[in-house]
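Shown next are two forms of a single protein chain, provided one at a time as structure tokens under the names structure 1 and structure 2.
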Structure 1
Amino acid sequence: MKRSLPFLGFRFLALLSSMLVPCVVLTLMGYLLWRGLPVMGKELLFGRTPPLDAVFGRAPVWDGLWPACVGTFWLVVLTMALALFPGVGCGVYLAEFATPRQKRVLGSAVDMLAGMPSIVMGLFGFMLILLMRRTVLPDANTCLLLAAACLALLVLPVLAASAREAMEAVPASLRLAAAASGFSRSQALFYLLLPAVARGILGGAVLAVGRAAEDTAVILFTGVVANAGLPSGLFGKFEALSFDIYYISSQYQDQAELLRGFGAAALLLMVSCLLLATARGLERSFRRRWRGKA
């Protein structure tokens, strides 16, 4: 076959992109790590406060990332606590019990939610507070719980999609064998299928943790501040790693603060990659299990 000019161009572009993309990404990441890794250490987290005092909240940390880390941690924990049940339940229901019509309607609803920009979720939280101020709670304010609720809405489609996929990956023969042993559909689901797909669902949950930890736009609307210290409670303001990065990039006062920003960016990058690797590992071991059986 004669090779046409457009094809040669395409082949050149394909080769080029295979070089260009890794270069760009590795440059960006390498730059961050190059600037950020040297400042890693307990200085970065705790500044000049003694670490033990900071960990137990006995002394405030002004020049370290510790409050932001704690804030992000609680944010993620609360988000998962709020989102796991509806998200996973929704996915399992879609895979197991939904009629074709429900599948179409609920499925497109979940897809649509997945496509929503995160800032819309943030705006939703902001509106909720405005509504509450106008109606029942005049002094309602944005807070940790609200941010977690909005983030829960953000990660819900991630959980639902992964639960649904995991359920649909279970071979039909297992369901048949369960039915032949006299299990009803919901018994088979709760006693056999859910334990079997737990790893797949867990993989999705880890991905969702990553989404919740990285998102900035949602918390921007729902109560994140730059100098809150440790979160005071469910209804208090909080700091978060992702917001600190943004804040430092636009408002840094001195070189030390800038370096802290690089440290925070490198830290968040590593946490995200670690979460992704965990999720992939779980997913792969889940897939291997069913492929090995087939």
Structure 2
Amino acid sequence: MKRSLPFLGFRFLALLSSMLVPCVVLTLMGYLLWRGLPVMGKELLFGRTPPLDAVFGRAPVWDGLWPACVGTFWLVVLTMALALFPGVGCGVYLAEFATPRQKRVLGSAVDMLAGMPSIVMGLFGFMLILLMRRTVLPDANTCLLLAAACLALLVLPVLAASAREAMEAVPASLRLAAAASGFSRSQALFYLLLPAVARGILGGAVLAVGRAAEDTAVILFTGVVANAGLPSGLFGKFEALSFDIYYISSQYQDQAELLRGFGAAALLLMVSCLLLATARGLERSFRRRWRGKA
């Protein structure tokens, strides 16, 4: 059958669009790596401070990214500690126990939270501190814990969606086999279903870690500052890689500082790519196991 001219034109535009996206991504990544890789090394992380003194906190690091790396690490750890159980629990409940009406209501709430701009979440945390100052805690201030709590709300939909999708992807035959073996619903959930979907849930957790490490707008209002040094505790200020990139790119004084910003961007890009590849690998492994897809 002869294809019409509009169809061929649409096919050409679709092909052009499909080629445009990877070209833009590769150009962006290539430029960041081209500018950032040459400055990668010990000096980028520790500056003029001896590495061992910087790692053990015996000397401050004023011209390196080590405090931002440590701050990002603790920010991500706290975020996942706050978000992992509620997010996975919400996804499991939606997949296994919720009624159709509850699925509609809770699913809509999760979707609305997923679509919430990160800047709004940061403003929410900042306004919460102002409210606490006027009511119960006059000395309340932005801090690492507040930033992690706001980021936990931001990544919770990712965890809920991944857990729900993983639970719903389990074949019905596994549930029937559990029922035929005399397992109760809770026993089947804890001893069969959750171990079976562990890789899928872990893939969603890795994506959530990447989102928490990359976001800047939330922490901008909730405790991140420049030159804070290593985090002093849950209620102290902190540095983060994403904020350092923003700060250096807007406040750099010479070419060396600009190159340090490119180095920070390249470092964060490599961490993000590693997390994304890990999540995709876990998701592919899960799908191959339960759906027979590559």
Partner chain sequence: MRNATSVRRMSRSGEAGLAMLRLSVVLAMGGMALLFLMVVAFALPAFVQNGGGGPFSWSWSPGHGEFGILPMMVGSVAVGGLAVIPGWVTGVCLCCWLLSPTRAGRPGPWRVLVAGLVRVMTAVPTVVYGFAAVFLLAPSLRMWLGGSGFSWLAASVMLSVLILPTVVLVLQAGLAPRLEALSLSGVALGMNRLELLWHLVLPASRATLLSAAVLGFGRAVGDTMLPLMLAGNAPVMPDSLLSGVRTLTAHMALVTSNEVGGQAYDSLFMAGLLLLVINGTVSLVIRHMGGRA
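Just so it is clear, the model here is predicted, and its values are computed rather than measured. Whichever C-alpha set is largest while still superposing within 1.5 Å between the two forms counts as the rigid core. By convention here, residues take numbers in order along the sequence of structure 1, the first being 1.
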Answer for which single form is the form predicted in complex with its partner chain: 1
Threshold 2 Å Cα movement between structure 1 and structure 2 at C23, rigid core reference: yes
C-alpha of A14 moved at least 2 Å between structure 1 and structure 2 on rigid core: yes
